[in-house]
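Taking the form predicted alone, here's one chain by itself in structure tokens.
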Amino acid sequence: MSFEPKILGFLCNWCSYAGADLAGVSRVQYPPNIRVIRVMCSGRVDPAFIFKGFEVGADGVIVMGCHIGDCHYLEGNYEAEKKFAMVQKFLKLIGMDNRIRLEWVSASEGARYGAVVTEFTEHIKSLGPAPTGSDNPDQTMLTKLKAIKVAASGERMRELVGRQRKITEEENVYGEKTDMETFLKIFNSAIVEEFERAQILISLGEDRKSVKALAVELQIDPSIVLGHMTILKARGQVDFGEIVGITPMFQRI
């Protein structure tokens, strides 16, 4: 039996959803694998929505919006691009970045809508079922996906994404402006750090653990884990639970 992927599509109300409607009226042929959720703007698609889609069984997720410069809300699709770039970087950490797509489809492009859905469906078919979406999902991958969702939803990542253009295009009060290369170094480091911290929080949700135990479990250097614990404690997310022998045990608050 051939594999038929489950594809989740987030379509902007003003362009791509209208394009999908035109495709239907025009009887454009495309695979029936996509399940559509209409949103008012592609910029409204929270990264957590995409991660949740994979959690509940999607093999691929596609976001479609207005062409750049044609957004009904002026800059919504620019916001979508920034969020999507972050989602790609997070999913690359677990090898699932090739299962998402961002496309621009206008209300008059019914044929293009059909072509995009067809191509993406064939692409996902060639990859096979998502490790998080089969009848017997990989529990380790599901846990990592949940960690990614926690990390991407955190204040630090939301601030970096939301303020990217301001940081890289405007001078601060000291007349300084951060170039894109420097910003991306900070951004990429933040993605790895927040992913590791989210993994720690999820692990501590099960039991009190030492830095050494967390390092072994998550395959992260103990010194890095200790640094993360310092940050998480300062954020009020973890605290000392007890001391076993001479070893501090941490717990999630």
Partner chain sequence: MAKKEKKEEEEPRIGVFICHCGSNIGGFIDCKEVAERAKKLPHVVFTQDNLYTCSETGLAAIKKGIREHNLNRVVVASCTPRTHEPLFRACIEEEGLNPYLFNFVNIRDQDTWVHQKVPDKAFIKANDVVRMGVAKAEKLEPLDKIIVDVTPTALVIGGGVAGMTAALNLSNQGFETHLVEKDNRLGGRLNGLYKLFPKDQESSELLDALKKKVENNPRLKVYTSATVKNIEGFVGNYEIEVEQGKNIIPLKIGCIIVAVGTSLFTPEGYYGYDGEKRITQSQLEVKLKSGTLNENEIVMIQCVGARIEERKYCSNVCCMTALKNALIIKEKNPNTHITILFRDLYTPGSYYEEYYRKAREKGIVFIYYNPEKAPKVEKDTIKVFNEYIGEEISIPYDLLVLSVPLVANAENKALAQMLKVPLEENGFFLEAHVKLRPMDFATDGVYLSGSAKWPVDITESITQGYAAASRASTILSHNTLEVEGATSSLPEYNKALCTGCEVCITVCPYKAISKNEDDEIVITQVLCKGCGVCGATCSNHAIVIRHFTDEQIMAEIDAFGGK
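Residue numbers count along the first chain shown, from 1. It should be emphasised that the depicted structure is a prediction, and the values quoted were computed from it without experimental measurement.
Beyond what is shown, the protein has a form predicted together with the partner chain; the following relates to that form.
- Taken together, the three residues 53, 58 and 72 all come within 4.5 Å of the partner chain in the predicted bound form, as judged by their closest heavy atom.
- Taking the partner from the other structure, the partner chain in the predicted bound form has no heavy atom within 4.5 Å of any heavy atom of residue 236.
- The closest heavy atom approach of residue 44 to the partner chain in the predicted bound form falls within 4.5 Å.
- At the 4.5 Å threshold, heavy atoms of residue 18 reach the partner chain in the predicted bound form.
- Taking the partner from the other structure, the partner chain in the predicted bound form has no heavy atom within 4.5 Å of any heavy atom of residue 212.
- Only one segment in the set 27-35, 184-192, 204-212, 221-229 has residues whose heavy atoms sit within 4.5 Å of the partner chain in the predicted bound form; it is 27-35.
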